[in-house]
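Single chain ahead, by itself, as structure tokens, in the form predicted on its own.
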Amino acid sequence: MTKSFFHLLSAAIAMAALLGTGCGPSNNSASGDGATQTAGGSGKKLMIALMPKSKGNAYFVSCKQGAERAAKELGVDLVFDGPTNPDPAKQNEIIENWITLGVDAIAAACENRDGISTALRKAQAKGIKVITYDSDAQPDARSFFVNQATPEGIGYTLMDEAGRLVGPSGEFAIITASLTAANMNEWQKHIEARRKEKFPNLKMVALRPCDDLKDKAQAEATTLLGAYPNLNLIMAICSPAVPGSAEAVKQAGKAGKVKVIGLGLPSENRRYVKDGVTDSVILWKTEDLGYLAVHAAKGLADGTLKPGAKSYQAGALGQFEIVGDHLLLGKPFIFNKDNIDQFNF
């Protein structure tokens, strides 16, 4: 470590005062070649702040693991904090704290696209580099969006799976995290476009929010099962909603009759997939998403990633394509009974 004791002490005091019991910088991080990453050659170690939509969500816990791996490789300090449950106002409050703290870069998963953009613009005005990941802000509020997959790819994959399982006609319902989540609203547009194009006789009968909570998703799914006796499939498009929906179907004794698919972690859905309650889980490598978000934030902060770039080399993960201002992680992957035991996240 080349950072002085006084830098460490002042950072620790500031973090304790502003973030309370939230996660602070990982001061034992070191870059692969032993060099300390600095901002503007000042000798001050870069501090990258990573914000989830909700820090208790297993999806974002998995992202954090990848982010910590990137921070260790790059020799940067990582700050991880967010609301306990999805809360746009709390996200703004934390960003204000990070502005006061003087972090070098922020990577944010945005619960409310418009609501968070004002705070992110303020951070940019203070010289803090901003990227988004998982769910975007307004384009002028950040430099790049680390996109886990294109909205079209996600929406089409979900709808194709629904059509494969239900057939040419039937009823399905969607359980989402919130009605304001920008990424999920985009996915729904492409789900509907694909439905009209390929499955016009499949009818979406309901859209219900679960606030990113498994228990609420289970309650919503139970209500749907009662309200729509001809329901063929529940499509859960946030990670807690997939096991929540599966548990509701299982307890209602409708496994096999009402299909469950969605976007979720293999580890949270393995037993439901193997028991035949959930047919398929669609996602991407969440640890890689966290890794790429922190790597790109560091690249912006030290100038190795610049607006207009067509690709970015992200350490151990290799090179990624940039389309416009979207840094693309990859295509969705379908986890099912045949392959889900191969994955441990």
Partner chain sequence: MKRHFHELSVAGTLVLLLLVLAVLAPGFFEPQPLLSRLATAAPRLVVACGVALVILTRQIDISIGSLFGVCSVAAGLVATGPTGIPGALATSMLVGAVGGAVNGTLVAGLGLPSIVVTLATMVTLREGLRLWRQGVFINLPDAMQWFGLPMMRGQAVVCLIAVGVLVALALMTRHLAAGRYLYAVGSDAEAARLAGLRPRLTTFLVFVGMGALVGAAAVMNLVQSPQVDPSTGRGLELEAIAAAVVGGVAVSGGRGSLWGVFAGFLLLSCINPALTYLGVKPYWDKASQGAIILLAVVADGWRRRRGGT
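Take the two forms, find the largest set of C-alpha atoms that superpose within 1.5 Å, and that set is the rigid core. All values derive from a computational prediction rather than experimental measurement. Numbering follows the first chain given and starts at 1.
Below, we refer to the form predicted together with the partner chain, which is not included among the displayed structures.
Figure note: of the listed segments 264-272, 153-161, 129-137, 194-202, the one touching the partner chain in the model of the complex, with heavy atoms no more than 4.5 Å away, is 264-272. Residue contact check for T286: none of its heavy atoms lie within 4.5 Å of the partner chain in the model of the complex. In the model of the complex, A227 approaches the partner chain with a heavy atom inside 4.5 Å. Though the partner is left out of this view, S143 does not reach within 4.5 Å of the partner chain in the model of the complex, counting heavy atoms only.
By the criterion of a heavy atom within 4.5 Å, A125 is excluded from the residues contacting the partner chain in the model of the complex. Within 4.5 Å of the partner chain in the model of the complex, a heavy atom is found for every one of V61, N85 and L207.
Of the residues in 203-225, those that come within 4.5 Å of the partner chain in the model of the complex through at least one heavy atom are, in sequence order, L207, R208, P209, D211, D212, L213, K214, D215, K216, Q218, A219, E220, T222, T223, L224. Once the rigid core is overlaid between this form and the one not shown, K90 does not reach a Cα shift of 2 Å, moving by less than that. Positional change of L179 between this form and the one not shown reaches 2 Å or more at the C-alpha, relative to the superposed core. Put the two forms on the same core and the Cα of N112 is off by less than 2 Å between this form and the one not shown.
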